[in-house]
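In the form predicted alone, a lone chain appears below as structure tokens.
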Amino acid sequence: MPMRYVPVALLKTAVFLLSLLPLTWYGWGAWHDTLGANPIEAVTRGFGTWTLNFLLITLAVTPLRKLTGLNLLIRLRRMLGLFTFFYATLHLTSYLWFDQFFDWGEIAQDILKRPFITVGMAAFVLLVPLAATSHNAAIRRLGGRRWQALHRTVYAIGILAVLHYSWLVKADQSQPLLYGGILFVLLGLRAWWREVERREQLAGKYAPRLKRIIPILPRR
């Protein structure tokens, strides 16, 4: 069955269950002690990686919809964005709990002295209002334009998240570069389409004036 004919409820259910697989994987690994010599690091980094995965998947929804014409994809964006916040919360919680044992003094020093934690915390703080306003009531309360302006901060969140990952890894930059390249393409497509739209709007605005200014050439 072509994707465009798949019922929305069925598609959302499938995506929801698939989105829980990383949590299931790490939960199973922790229960059966299969996460390696440092399970705390495996869980913390794993949830961080999946946060970035879901962030990029969420950002990919609009370009995929434009390129494929599958408008159905837009119905998944909110849920994918909320899963981004879900895994970001798990990533942060595992750091606060398992790594720092909620020692707020040490945590504050970490945020101030370690740049990768600084940008990671900044990304999470920016992500909170997006998750809090991911419902129709918030759109009505804020108004469409203000809501869109708020949710465009996801682009800055993406940049901060890639920086967080890059500064964390330090040695092998192959994966951070891959994530950075994907983010560059996703943001670049948006910038290109916005410029094309701006030029089309300008052309539509000034076309009547040009018709009045430029004389119509006689036919030969």
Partner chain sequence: MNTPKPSEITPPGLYARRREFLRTSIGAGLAAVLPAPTFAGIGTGAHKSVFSTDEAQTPLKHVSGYCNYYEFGTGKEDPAENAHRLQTRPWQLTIDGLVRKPVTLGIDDILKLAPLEERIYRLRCVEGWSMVIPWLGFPLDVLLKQAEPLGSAKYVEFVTALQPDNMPGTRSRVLNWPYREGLRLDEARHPLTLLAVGLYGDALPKQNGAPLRIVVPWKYGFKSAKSIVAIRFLEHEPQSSWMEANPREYGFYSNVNPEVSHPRWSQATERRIGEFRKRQTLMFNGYGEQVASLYAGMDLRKFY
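Positions refer to the first chain, counted from 1. Quantities reported herein were computed from a predicted structural model and do not represent experimental measurements.
Just so you know, the form predicted in complex with the partner chain exists too; it's not on screen, but the next bit is about it.
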| field | Among 122-130, 146-154, 73-81, 96-104, the region lying within 4.5 Å of the partner chain in the model of the complex by heavy atom distance | value | 96-104
| query | Of V169, L189, I159, L64, which residue is found within 4.5 angstroms of the partner chain in the model of the complex when only non-hydrogen atoms are counted? | reply | V169
| field | Contact test in the model of the complex: R141 vs the partner chain, heavy atoms, 4.5 Å | value | no
| the partner chain contact at A30 in the model of the complex, heavy atom, 4.5 Å | no
| query | Any of the heavy atoms of I40 lying within 4.5 Å of the partner chain in the model of the complex? | reply | yes
| Close approach of H135 to the partner chain in the model of the complex, 4.5 Å, heavy atom | no
| said: Where, within 7-24, is there a heavy atom within 4.5 Å of the partner chain in the model of the complex? Residue list please. | reply: none
